[in-house]
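This document starts with one chain, in the form predicted on its own, laid out as structure tokens.
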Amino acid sequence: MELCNCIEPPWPADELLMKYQYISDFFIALAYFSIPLELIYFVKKSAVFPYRWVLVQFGAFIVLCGATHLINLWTFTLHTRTVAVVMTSAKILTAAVSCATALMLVHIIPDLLSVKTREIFLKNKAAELDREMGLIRTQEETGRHVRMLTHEIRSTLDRHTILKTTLVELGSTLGLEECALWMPTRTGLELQLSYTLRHQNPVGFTVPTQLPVINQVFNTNRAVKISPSSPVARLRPTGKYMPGEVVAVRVPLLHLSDFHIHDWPELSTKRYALMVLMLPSDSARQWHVHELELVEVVADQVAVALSHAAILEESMKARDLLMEQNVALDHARREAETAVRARNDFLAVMNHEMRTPMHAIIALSSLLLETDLSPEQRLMVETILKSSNLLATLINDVLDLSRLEDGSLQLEIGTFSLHALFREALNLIRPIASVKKLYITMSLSPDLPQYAIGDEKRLMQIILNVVGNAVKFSKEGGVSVSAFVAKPDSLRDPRTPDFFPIPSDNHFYMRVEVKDTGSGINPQDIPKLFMKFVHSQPHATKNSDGSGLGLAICKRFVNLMEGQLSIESEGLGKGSTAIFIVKLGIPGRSNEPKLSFVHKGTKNQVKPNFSGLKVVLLDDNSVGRMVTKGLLVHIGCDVLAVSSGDECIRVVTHEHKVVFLDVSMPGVDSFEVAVKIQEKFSKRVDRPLIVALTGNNDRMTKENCRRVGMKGVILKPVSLDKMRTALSDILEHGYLVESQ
């Protein structure tokens, strides 16, 4: 086979085509040369670009490509060998630079991939931030809805309004198809359908609380998705539509039986209501987390609002009950005040009516004793007088006790001799003790002040009663009386926790102890001593003349003097000790008004003679007028007795030295009579001394007597000795030293 060594003839050049290639190479070369300029500008402007040397290589590669295309312009025509050499050199350099650039890309690609990874990471972070911002916006929206719902729910404290508002606001906020509230029955064994949103279901339908779905909800404080077919969720008509999702949440209720007015209510952990919320049927909508949180928060707010409403409801009931009790107490108070006034009025009337005949009995008995009587007759009259005095003492005790109990009795504060008071009290009791052959001793401490400020009369009554009881219940031996200033550390007694003495520079506490060798008393019977009309001493009712009021009254007097009274005894036959502490003022230091003090010395045993003394007696009661006149006539007075105030004013003259006025006369203002008598005489020396006769010895009567210028008060009944003493005092001092 012969080989053909022929050469294909050259393809004739198309001048137009060559011309286009020539123009294209020119513009390509121009474009290649412009790209490095742009790269140089970019590298210059970008100071943070990490791969400048790569750009330099890439720029060199482009420049060489441009030079190749530019040299290629001379190859379209006949050219010299030099052009061919230059063209070949340019292509070789271009190939070398392109290989170097390709090799460098092997090192650059991992870095480029890491940049891409960071880019993807940043994109993911940006997406996560977007989700968090969306969640924040959702939470803000949820919080706004919660605040709105809370404001609406708490805008009222009516439970029905709270629950109805909750359903309406939840339905509007969450776009619910139905919302219902199941409340527990009284037994707590069932839940009753109480409130619905759309009013499509009859209220009153019940389900047992032992259902698994109910226990599931009650066992957690979170909102729970439940089946649309559960008994508590069957609240919408069945149809061809797919039911929406349903959630349920528990609502804690306040256990009202644990509500106390003076304490916080106890929140029961076993009583809950059930709230059921349903999304629209045939909808692809599902419950979101923020919606469930909204439901849970609203359920808690409803529980708080219901607890406040329950507390308010119970508070209103308590207030109404308290108002009813206040009305009842006010009614009882008015009735008690009416009863006290009626009792006081009754006692005042009885006091006056009883003292009038007692005055006649005692006065006539005392007059009869000064006549010639046989021993038997004298014994009878003395018995009458003794019984009358006992009855008068009983009347005084009853009146004092009545005023003590209603608080109307007040102490009469004045300055008096404390030592003289004790001596006078014991001088009155010694005759009785001597008859029973008992000794009486008295010990007054040197630190006991000579004078004190207090109620002298009541203190005397306390001493006489306590010492008199000691003498009364002692058959042999005697009675010892000691008085001293109580030290501060000895004032507090654990047995009397209600006694709170307060030391002061202006006052002192006097402690008096009265010890006897009498019959004694059982310790368990001691409290009975201070009860009204009760005798606790053995054979008291047989051998004593008392009424059982003495110690009861004395204890109240001691309490008024900010002190205490107690009795101590080890038992029957072992005697007893009476201890009382009273608070007295120190003259010159106390804030009490400084009253005039008259020392009462020993009475003159010689009977005074009032012969020729002219007196006027005003008394509307004929018996009382006759008896009092008899007393005055017996002691030598020239008596003018009248029965009316006008007659008294008319007959009194400057020759009359004393005027006795009964200030308890009905229909007669004795105080006005006293004023007119004094106005009748312009000169003070011509005015008679006016003395009141009364059966009422209260503070008001004394103040009224002092106000109109009377010089003293004589308390009925009046004996002959009492009249002598009163008349002697008023003529000697110009006034009575104390009420007789």
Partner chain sequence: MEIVGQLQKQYVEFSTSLYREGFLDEQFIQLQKLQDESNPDFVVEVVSIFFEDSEKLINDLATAIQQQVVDFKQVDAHVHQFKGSSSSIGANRVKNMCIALRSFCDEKNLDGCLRCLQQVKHEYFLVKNKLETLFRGISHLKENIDSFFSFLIHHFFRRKK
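Bear in mind the structure is a predicted one, so any value in this text is a computation, not a measurement. Residue numbers count along the first chain shown, from 1.
Here the subject shifts to the form predicted in complex with its partner chain, a form of this protein not shown in this document.
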item: Its partner chain contact in the model of the complex: His359, any heavy atom under 4.5 Å; value: yes
item: Partner proximity in the model of the complex: Ser664 to its partner chain, non-hydrogen atom cutoff 4.5 Å; value: yes
item: Touches its partner chain in the model of the complex: Gly630 (any heavy atom, 4.5 Å); value: yes
item: 4.5 Å heavy atom contact, His634 to its partner chain in the model of the complex; value: yes
item: Among the candidates Leu364, Leu292, Leu411, Ile440, the residue which, in the model of the complex, approaches its partner chain to within 4.5 Å (heavy atoms); value: Leu364
item: Among the candidates Glu424, Asp300, Glu177, Glu568, the residue which, in the model of the complex, approaches its partner chain to within 4.5 Å (heavy atoms); value: Glu424
item: Partner-proximal stretch of 164-172, 618-626, 245-253, 509-517 relative to its partner chain in the model of the complex, 4.5 angstroms, heavy atom; value: 618-626
item: Any residue of 701-723 that, in the model of the complex, places a heavy atom within 4.5 Å of its partner chain; value: Pro717, Val718, Ser719, Leu720, Asp721
